[in-house]
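Next up: just one chain, as structure tokens, the form predicted on its own.
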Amino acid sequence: MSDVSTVDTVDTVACVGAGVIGGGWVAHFLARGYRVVAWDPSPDTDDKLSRLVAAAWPALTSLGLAEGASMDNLTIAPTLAEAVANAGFVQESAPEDLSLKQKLLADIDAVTPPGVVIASSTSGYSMTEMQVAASTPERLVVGHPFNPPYLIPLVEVVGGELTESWAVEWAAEFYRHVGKSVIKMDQELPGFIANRLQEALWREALHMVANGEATVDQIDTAITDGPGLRWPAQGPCLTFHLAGGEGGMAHMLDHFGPSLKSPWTRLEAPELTKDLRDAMVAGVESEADGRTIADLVAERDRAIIAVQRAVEETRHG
């Protein structure tokens, strides 16, 4: 489209929705040197968003801020129209409610300048479902981040049936421009890619707790001190490739293929009974051992940075 700007000319980003995900996006874009205009209908948006950005800023400073990056570049707009008026890109991060998403994306589309790509942070809905009420649905895409968006680099980008390819390409290029690792998906997929993999692990964990086969602490330790240490550098497929020795994946599959028939996993979700729910809550409270959510967030952020730096050094060192 002739009225679409190039990614390197964008200087202002609009963030619609200022919860945990939206606030994480705000912090990320601010750290990359953008002016950010945020809007959220919540009456306490100003204070809540300021706290979210302030909490993320030490980690972002440790990673390295872009030239001109400042928390002072954040503006809270009184209306949606004012939030998007000068935006070169819009990131929507409203709650996961389909009817709300459909109306909000249509409202954003109606007041956003022509040619500006609008992305949704949805973690569950397809853009085909969400873009039905928009006047120009061709510019709507999914830009699904991982929490916290200001640290985890992954963004999964995919359009809907009415999305045009230029919008998907532009969004993928823009996310890469702002430091993200982008998976440009070939087609819509319920739950996207990373969530489906994460969900399989989560369901098996719930089965083990429900059946008294493992505790919450044992499950988390099994990942953090086991395969989780390999995954930052090499994903599960490459990990299994190495498990085959010099024969690689082919040898691994030939040798361990029969174990795929073994009852090692149960991908059907267990019933989330009150007992299972309470066991999960008690388990994480025990594992936290008095650490607050803020303590754990700070600990997580320091760990992610350390892992990222170590992996980067290994790859290029």
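Numbering starts at 1 and runs along the sequence shown. Every value quoted in this text rests on a predicted model; they were computed, and no experiment measured them. We call the rigid core the largest set of C-alpha positions that still match within 1.5 Å between the two forms.
The form predicted together with another copy of the chain exists for this protein as well; it is not shown, and the discussion that follows is about that form.
Of 213-221, 168-176, 110-118, 84-92, which is the one stretch near another copy of the chain in the model of the complex, taking non-hydrogen atoms within 4.5 angstroms as near?
Looking at the partner contacts, the answer comes out as 213-221.
Would you kindly say which of Met71, Ala106, Val209, Ile76 lies with a heavy atom within 4.5 Å of another copy of the chain in the model of the complex?
Among Met71, Ala106, Val209, Ile76, a heavy atom within 4.5 Å of another copy of the chain in the model of the complex occurs only for Val209.
Mark Gln308 yes when one of its heavy atoms lies within 4.5 Å of a heavy atom of another copy of the chain in the model of the complex, and no otherwise.
Contact with another copy of the chain, yes.
Although the partner isn't part of this model, could you tell me whether Leu267 comes within 4.5 Å of another copy of the chain in the model of the complex, counting any heavy atom of the residue?
Leu267: contacts another copy of the chain in the model of the complex.
With a cut-off of 4.5 Å between heavy atoms, is Glu161 one of the residues that contacts another copy of the chain in the model of the complex?
No, no contact at 4.5 Å.
Non-hydrogen atom contact Ser99 with another copy of the chain in the model of the complex at 4.5 angstroms
Outside the cut-off, so no.
Enumerate the residues of 50-65 that have a non-hydrogen atom within 4.5 Å of another copy of the chain in the model of the complex, in sequence order, or give none.
In sequence order, Arg51, Ala59, Ser62, Leu63 come within 4.5 Å of the partner.
With both forms fitted on the core, give yes or no for whether the Cα of Ala294 moves by 2 angstroms or more between the shown form and the other one.
Yes; that C-alpha moves by at least 2 Å between the shown form and the other one.
Please check if Ala306 moves between the shown form and the other one, taking a CA shift of 2 Å or more relative to the superposed core as movement.
It does shift by 2 Å or more.
For Asp275, is the C-alpha shift between the shown form and the other one 2 Å or more after core superposition?
After core superposition, the displacement of the Asp275 C-alpha between the shown form and the other one reaches the 2 Å mark, so yes.
What direction does the Ser286-Asn147 Cα distance move in the model of the complex compared with the shown chain, closer or farther, given a change of 3 Å or more?
Compared with this form, Ser286 and Asn147 lie farther apart in the model of the complex.
Relative Cα spacing, Glu299 and Leu151, in the model of the complex - shift of 3 Å or more
Farther: Leu151 and Glu299 separate by 3 Å or more in the model of the complex.
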